[in-house]
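Alright, two takes on the same chain below, each alone as structure tokens: structure 1 and structure 2.
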Structure 1
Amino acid sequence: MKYDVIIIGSGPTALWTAFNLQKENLSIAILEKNTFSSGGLVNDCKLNLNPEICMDIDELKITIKEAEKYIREIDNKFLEHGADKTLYGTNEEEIKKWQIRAERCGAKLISSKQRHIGTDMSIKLIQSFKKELEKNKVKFFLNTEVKEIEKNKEFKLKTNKGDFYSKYLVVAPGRSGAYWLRNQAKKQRIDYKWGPIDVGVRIELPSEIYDPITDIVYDPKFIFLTKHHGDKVRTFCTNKHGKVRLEPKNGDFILVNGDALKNHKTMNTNFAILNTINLTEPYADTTEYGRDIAKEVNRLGGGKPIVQRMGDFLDGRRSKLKTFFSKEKNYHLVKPTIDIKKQVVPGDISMAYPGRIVNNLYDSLVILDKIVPGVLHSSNLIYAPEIKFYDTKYITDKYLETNLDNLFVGGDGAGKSRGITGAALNGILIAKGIKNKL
């Protein structure tokens, strides 16, 4: 099967590439290995409308003004397709007070105007996106996994559904396909370098503790420069009244993550707190470093992620099933949103994570507890491994074209975004790049 443009993956990068090419009289196909389209869009779907979040404008070679313009376009598309119109993070006066408070405690608060669509509602939205593209003759091939990329005069893609050919190729396989992309890049001599990786934990606590801040900023990003090493730690992906979720990585290991539904609320809020790690010589491969850490945590968890009560973490003690709900220790006060007998294992995060990361997380949690009292309550929960793999950065021009002519990369899997709006913005740039070549 032959197309002018083939897009690997059906996440926001893919959709926005297709939205911006659908009127160009090109044959376009989207190949997605899963049974359902749209990759990470289906998860929680908070839209960050601030260019400081979800993307790196220097890496994308765009100005703040350009980024803001594209973000408006993306937001409008979501609204057109039925996204909830509620806009969070608009109370400037209250935000300022929280920013001052954070600064006094040794952190920085970045706020963002945000929308929350929720995992339940995002499914409807994705169907609507797909319908628009199909109406404009974009073909979706679901359950179609690209195994190999080859290039002669044109691209040849070997998939479980036969071979596909195209003149232009957009590779946007997300974080789940990042490792596969890296292997393909090695074979095709596509240039890349290693960037920083984020390793941390997910905290789960009663919503009432975090409500004072999440009522003002839906997904607050606190940034901490830790006292031990000057390393950067930040909070990320807050899910108010949400659930902790498992994120299996192609049978290699299992990470933790979180989401929230629009129409079904839990009593808890969860968020990630992540330490950004840069490696230099003699070993700079942050992907392998992160994979080893994830595997080590899973190994100590008997093949599962680890959960630890904050009290045990602070006392340097492992958590055990026997005492996990101990009234004596007040552990009965917070009920996990995940099945601790089946999905995770009570254990000791500091046995699995390098000391520097544990120290950085500890320092940052102490500061966060000053900003939002209650974060360090002994009954709160800490889950690991929470790792964000967007560390392999491909060397591209400003339209995300690689050194391999007509091959564009984008999204989290290419190290060009860290969230939905950033990934969608990548799609807009890629479409511009392809249009320039027509």
Structure 2
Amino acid sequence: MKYDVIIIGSGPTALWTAFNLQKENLSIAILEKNTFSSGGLVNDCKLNLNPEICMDIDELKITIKEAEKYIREIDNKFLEHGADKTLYGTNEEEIKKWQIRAERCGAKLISSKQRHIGTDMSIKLIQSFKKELEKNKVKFFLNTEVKEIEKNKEFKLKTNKGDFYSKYLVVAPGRSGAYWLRNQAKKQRIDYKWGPIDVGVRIELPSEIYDPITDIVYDPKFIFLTKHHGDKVRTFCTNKHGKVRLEPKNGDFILVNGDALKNHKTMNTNFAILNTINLTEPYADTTEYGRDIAKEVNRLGGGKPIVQRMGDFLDGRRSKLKTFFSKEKNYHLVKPTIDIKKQVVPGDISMAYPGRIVNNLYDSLVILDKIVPGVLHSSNLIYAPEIKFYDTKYITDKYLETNLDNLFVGGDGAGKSRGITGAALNGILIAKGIKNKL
């Protein structure tokens, strides 16, 4: 099958690329290995409307004003397809109070206007967007996994559904496809460099502890510089009244994540706390480093992620199933939103994570507990591995075209965004780049 433009992945980069090309009289196909768009667009679907959070404008070679203009376009499109009109993060007076509080405790709070669509509602939004594109003759091939990319005069994609051909290729496979993308880049001699990786844990606690801040900022971003090493740690992906979940198995390991539904709430809130890691000489491959950590956690968990009570983590003890709900230790006060007998295993995260990362997480949690008292309560839960793979950065022009002619990359998996809004903006830039070549 042959098309003018083929897009690998059906996340926000793909949708906005196709949307901005659909009137150019081009044949367009979107190939997706899953049934629905995977990643953040279907998982919780939070929209950060602040360029400081969802992208690196220097990486994208755009100005703040340009980014803000694109974000307004993206937000309006989400609203058109059914996004909740509720806008969080608008109470500037209260936000300022929390920022001062964070600063006094040794942290920084970055605020953003945000929308929360929810995992349950995001599927409807995706289907609505998909129908619009299909009306304009954009073809979707779901459950279609690209095995190999080849390039001669045109691109040839080997998939489980046969071969596809195109003149222009957009590769946006998301974080779960980052390792696959890098392998393809090596084979096709696409230029890239290593960037930082985020390794951390996911915290689950009673919503009443975190409600004072999430009532003001739905997904607060706290930034810490740690005492022991001066490393950067940040909170990420807060799910108010949400649940912890596992990501699909990624080769040799399973990662922890979280989401929240719009119409069904739990008693808990969860969020990630992540240590940003840069590697230099003689070893700089942050992707492999992160994968090794994830595999080690899963190995100690007998093939599953690990969960640990906060009290055990602080005391340097392994959590065990027989004491996991101990009333004597007050561990019965927080009930996990995930099955700890089937999906995760009680254990000791510090046995799997490098000591420097454990120290950094500990330092940051101590500060966060001063800002939001109750974070360090012994009954709270810590899950690992929580790792964000968007560290391989591809060398591109301002339209995200690589050194391989007519091949464009976008989204978190290509190191060009940090979330839904940034990934959608990538799609707008890519479409402009393709238009310029017509």
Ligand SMILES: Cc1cc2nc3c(=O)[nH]c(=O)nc-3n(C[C@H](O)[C@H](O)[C@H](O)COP(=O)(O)OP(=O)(O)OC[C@H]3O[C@@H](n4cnc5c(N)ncnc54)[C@H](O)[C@@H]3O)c2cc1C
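Quick caveat: nothing in here was measured; it's all calculated off a predicted structure. Residue indices: 1-based, along structure 1. For clarity, a rigid core is taken as the largest C-alpha set superposing within 1.5 Å between two forms.
*Identity of the form predicted alone among structures 1 and 2*: That would be structure 2, which is the form predicted alone.
*asked:* Aligned on the rigid core, do the two forms place the Cα of Gly251 2 Å or more apart, comparing between structures 1 and 2?
replied: Yes: Gly251 shifts by at least 2 Å between structures 1 and 2.
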